[in-house]
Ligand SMILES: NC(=O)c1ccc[n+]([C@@H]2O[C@H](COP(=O)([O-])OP(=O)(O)OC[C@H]3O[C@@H](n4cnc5c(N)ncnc54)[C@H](OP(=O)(O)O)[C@@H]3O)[C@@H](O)[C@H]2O)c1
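Listed next as structure tokens is one chain, alone, in the form predicted alone.
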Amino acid sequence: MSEGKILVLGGSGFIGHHLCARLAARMGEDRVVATYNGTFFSGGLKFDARAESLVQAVPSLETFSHAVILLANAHPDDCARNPEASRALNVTAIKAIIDQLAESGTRPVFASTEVVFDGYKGGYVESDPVNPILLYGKQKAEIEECLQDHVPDALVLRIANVYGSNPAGGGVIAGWHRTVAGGTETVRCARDYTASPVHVDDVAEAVIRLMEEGATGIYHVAGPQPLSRLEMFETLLGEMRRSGPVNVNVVSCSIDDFPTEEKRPRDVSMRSDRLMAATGLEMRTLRSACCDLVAAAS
């Protein structure tokens, strides 16, 4: 990584935006190239992975040491409603990209997901067998298998639910804050859906440090605590109430009470011990991030 450039495929998304900014600050803007499809950003390269080859959109692939593959249809319900269209992007297009990266000698860094697991036990580590029950998870697991079979030096990152601490930014925590601050009287949260929420800045830093270390194989990028959606929301409310009264009725319910195309897994929490051992990165707690968000909104 010290000599080559970095390609970020899907630079306009939540993770991509933060990753590109941190890479540019670390390496210099001239060594970071990012693509977009629907959402333009200055300096980005337009790339529709379903309609064109990567080498058409990004010349001189051999000058890149790594390519971070973030582009995907990452909405499980949409994947289930449109299986052929989601497969065209999440599987067919990604496999074509991987082939072109292999030909150029560029190492793939593939963003996978916590829902490659079935959610029956939680606390998953990298050696646990995958068994996705969501179509989106099955598509990601297929790419993981492709990389393990054909690109042994690839880096696969199973990324947990990502949030941020910018009140105007993306992620579920900021969205909840806007909902409550906007005067919504009732919020329903699942008590039986558990994950390991991770801050977007920690995700970006983890990607960079693993590339700097020349890491290969599978790493979990997850926050330090398994939390239900209800616990996440109550953590945010606790920090908001430090600044003043908050009037909202919190309704505890099941994840099955929400309309979804497929039954959701229950506990997809992951452990990131391997990541922390390899990089020395300390993942921030949700409470500290909520404190920062509330302070920034004041």
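This structure is a prediction, so every number in the text was calculated from the model and none was measured. Residue numbers here begin at 1 and follow the sequence given.
Separately, the form predicted together with this ligand exists; it is not shown, and the next lines address it.
Asker: Can you work out whether Val109 and this ligand are in contact in the predicted bound form, taking contact to mean some heavy atom pair no more than 4.5 Å apart?
Answerer: Flag for Val109 set to no.
Asker: If you check in the predicted bound form, is Ser12 within 4.5 Å of this ligand, heavy atoms only?
Answerer: Ser12: contacts this ligand in the predicted bound form.
Asker: How about Arg50 - does it come within 4.5 Å of this ligand in the predicted bound form, if we only consider non-hydrogen atoms?
Answerer: Close contact exists here: in the predicted bound form, Arg50 approaches this ligand to within 4.5 Å, heavy atoms only.
Asker: With the partner left out here, check for me: in the predicted bound form, does some heavy atom of Leu70 sit within 4.5 Å of this ligand?
Answerer: Within the cut-off, so yes.
Asker: Just to be sure I understand the contacts: of Ser254, Asn247, Thr39, Thr260, which is the one whose heavy atoms reach within 4.5 angstroms of this ligand in the predicted bound form?
Answerer: So the residue touching this ligand in the predicted bound form, by this definition, is Thr39.
Asker: Among Ala174, Ile218, Leu101, Ile159, which has any heavy atom within 4.5 Å of this ligand in the predicted bound form?
Answerer: Here the answer is residue option Ile159.
Asker: Could you tell me if all three of Gly16, Thr113 and Tyr136 have a heavy atom no more than 4.5 Å from this ligand in the predicted bound form?
Answerer: Yes, all three are in contact.
Asker: So if I measure heavy atom distances to this ligand in the predicted bound form, which of the stretches 159-167, 176-184, 118-126, 209-217 falls within 4.5 Å?
Answerer: So the stretch in question is 159-167.
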